[in-house]
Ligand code: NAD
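We begin with a single chain expressed as structure tokens, specifically the form predicted on its own.
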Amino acid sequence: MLKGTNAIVTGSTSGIGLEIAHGLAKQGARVMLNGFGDAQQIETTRAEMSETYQVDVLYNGADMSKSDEIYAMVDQAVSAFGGVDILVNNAGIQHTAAIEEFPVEKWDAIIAINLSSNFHTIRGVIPGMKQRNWGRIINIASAHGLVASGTKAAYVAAKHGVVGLTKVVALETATTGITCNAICPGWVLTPLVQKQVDDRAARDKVSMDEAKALLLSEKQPSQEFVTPAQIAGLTVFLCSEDAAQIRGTAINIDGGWVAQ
């Protein structure tokens, strides 16, 4: 379905981002991976993806808190692939604390990586998409882009910002072949959420399974985690022609979280 297209997926060396990269490559897209991790493991992942799907897969280690590195990543993708048709903004970090105790440097880092990086990547790819009159921009926001929780001031502010940015970009590209949408997952068992499970188990002195159940019961009526594969499937759909008039939406995939 996506043969001949070129994609950048930020934060794609593990978790949701890696699953999305697999989903796009499986459909024939060339993919640029991005993120942190062990260099040898990343190279193995890159090579295996390229071999499995018979597409070009590149890696760029741009730090999403640094705008100059972001623009250099976009330039590399354009130089190597000839353009960027699909952009998935997935990179994100988390920190929890009451607002009066929230470290300023953590606030700055979360806003930079979870929100400002989306602005820079979109700003970098939009001119080329307009020139070709086709593009798909998909921002991985969160249920926390639609509703709030305590102790997550920076994350909630950033993800609400991502939803707002998504709407602006969709309006600015409304008469073109470019779409921009946000996906808002609920609890997904990624390393980011696993840390919260670990913290919960330690704090409440319960087993890991009990901690998972407690976490889910607070927010997610389905009592089941969303899977990275489900988010990847939705991402691929948003890249399709069937989704050409889905514009400026924030699609929650959250087991009923925001329906409450």
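From 1 onward, residues are counted along the sequence shown. Note that this is a predicted model, so its numbers are computed, not measured.
The same protein also has a form predicted together with the named molecule, omitted here; what follows describes it.
Taking the partner from elsewhere, A141 is found to have a heavy atom lying within 4.5 Å of the named molecule in the model of the complex. At least one heavy atom of I16 is located within 4.5 Å of the named molecule in the model of the complex. The named molecule is not drawn, but in the model of the complex it has no heavy atom within 4.5 Å of L33. Looking at N90, you'd find a heavy atom of it within 4.5 angstroms of the named molecule in the model of the complex.
Residues with any non-hydrogen atom within 4.5 angstroms of the named molecule in the model of the complex fall in just one of 128-136, 166-174, 181-189, 95-103: 181-189. Taking M49, L215, V193, A201 one by one, only a single residue has any non-hydrogen atom within 4.5 Å of the named molecule in the model of the complex, and it is V193. Taking a 4.5 Å heavy atom cutoff to the named molecule in the model of the complex, the contact residue among I113, I122, A157, V74 is I113. Looking at 62-87, the residues that come within 4.5 Å of the named molecule in the model of the complex, counting any heavy atom, are A62, D63, M64, S65.
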